[in-house]
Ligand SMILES: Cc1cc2nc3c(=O)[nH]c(=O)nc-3n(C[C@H](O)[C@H](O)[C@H](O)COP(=O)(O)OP(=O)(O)OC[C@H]3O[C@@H](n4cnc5c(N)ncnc54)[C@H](O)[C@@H]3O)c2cc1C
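Just one chain is shown here, as structure tokens, and it is the form predicted alone.
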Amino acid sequence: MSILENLQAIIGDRAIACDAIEGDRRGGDFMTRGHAPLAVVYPTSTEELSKVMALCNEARQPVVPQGGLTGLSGGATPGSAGMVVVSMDRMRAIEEIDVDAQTITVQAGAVLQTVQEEADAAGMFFPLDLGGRGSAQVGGLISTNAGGNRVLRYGMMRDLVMGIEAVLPDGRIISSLNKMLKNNTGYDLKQLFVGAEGTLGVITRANLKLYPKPASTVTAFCGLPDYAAALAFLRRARSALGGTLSAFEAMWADFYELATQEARRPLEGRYPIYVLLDALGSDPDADAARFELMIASAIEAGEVEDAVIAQSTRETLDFWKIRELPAEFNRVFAPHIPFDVSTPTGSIGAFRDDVDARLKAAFPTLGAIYFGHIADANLHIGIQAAHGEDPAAVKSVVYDTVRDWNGSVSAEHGIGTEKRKYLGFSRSPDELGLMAAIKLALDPNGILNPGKVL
């Protein structure tokens, strides 16, 4: 029998051959295109997936796990013809919310926005947030160690995962599900799968960390004279707001001008750099007063030249809509080449100037905009290559600069296929060798998401 017939013998009509429509949908993620898969499998349980993986491993059949297809690095893209896609679309259950343990247990196909809403309904808060919240699935978020807008306070996905259940390439089920904050029992096996981009196992369930729901949100949009002022403002905000400071987003002028072409401008003046910051607290009156005092002191010190504080939830959402412009890049800034890099926070301003100068010297007609989570040492670079610029040459300029600054070629979007050739710019040969050894130990036949990361 064919591989499709064998898969259908396990899960019936939830193993399907790819028609043209499904092949187009499953052949790429948000930014990259690959090949239409041979078949798509929709398991509904860990046990079904275990049987699927055991069959594919025995047949040496390559398998690509897919979640919400919101990735930007090709991590869920079939890299060649004849691959089988495992979709988690039918494993979306929210299984349990434990208020005492402050955890939520979900299947890997649960969508981020659903997790946020279910936590909220239980009086709790799941802090991870990003523009693809309505599509991104938990399994993919864990597999790419997603970051987003609140890393400053709550950490990346790695910091929010308490436990994981996964299926190994040979079908074995590994359960490291855990709701205990203290559990010091040898190797932390769940961390093998965080950031591994589906190359070591397919995540099926997870225990995620919850927090008490904030009682207040205070948000401001500020115009600043330069990056040095942004650093001083960040130090002031951290000192004055303490643990309530939840986001500190920087946008250079070109980003702001593009983002406000179709949105209301919070600030009418023109400034070299803009900062959007959030504080989440427990005392609405005291939090608002402390926030306003901090902004006023920053203006008095010359760190901030103008600022507006949101007076409603609607205004807060309007501020964040500007920062979430990247979701529209394929429409308003195409053809688009995205970069997601990091250098230490104190170096980002000078690094940005260096890479901008190198890009303009090599490609005078190139469009480049800069933004990011600078408190998390993360700079995003958006490139519009509208005049025939070679994407590979553009990438070489950016990643060469990252290497020269001892930075990371991927801050939060993962490696996938798009950054695989540049991984050695940020990792040593010994580190890459250890990664390869782990891959070989868990997937000796090389069937799981081949060609990704390594």
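Sequential numbering from 1, following the sequence displayed. Here the structure is a predicted model, which means the values were calculated and not measured.
One more form of this protein, predicted together with the ligand, exists but is not displayed; see below.
Selected contact from 405, 30, 42, 422, since only one has a non-hydrogen atom within 4.5 angstroms of the ligand in the predicted bound form | Looking at 405, 30, 42, 422 one by one, just 30 meets the 4.5 Å heavy-atom criterion.
Quick one: from 173, 327, 293, 99, grab the residue that has a heavy atom within 4.5 Å of the ligand in the predicted bound form.
-> Checking each option against the ligand in the predicted bound form, the one that comes within 4.5 Å is 327.
With a 4.5 Å heavy atom cut-off, would you call residue 69 a contact of the ligand in the predicted bound form?
-> Residue 69: contacts the ligand in the predicted bound form.
Residue 198, heavy atom within 4.5 angstroms of the ligand in the predicted bound form = Because a heavy atom of residue 198 falls inside 4.5 Å of the ligand in the predicted bound form, the answer is yes.
Verify the contact flag for residue 190: yes if a non-hydrogen atom of it lies within 4.5 Å of a non-hydrogen atom of the ligand in the predicted bound form, no if not.
-> Close contact is absent here: in the predicted bound form, residue 190 is far from the ligand, nothing within 4.5 Å, heavy atoms only.
Does the ligand come within 4.5 Å of any heavy atom of residue 78 in the predicted bound form?
-> Judged by the heavy-atom cut-off of 4.5 Å, residue 78 is well away from the ligand in the predicted bound form.
Only one of 267-275, 331-339, 357-365, 142-150 gets a heavy atom within 4.5 Å of the ligand in the predicted bound form; which is it?
-> Heavy-atom contact with the partner occurs in 142-150.
Going through 79-118 from first to last, which residues have a non-hydrogen atom within 4.5 Å of the ligand in the predicted bound form?
-> Heavy-atom contacts within 4.5 Å come from 88, 108.
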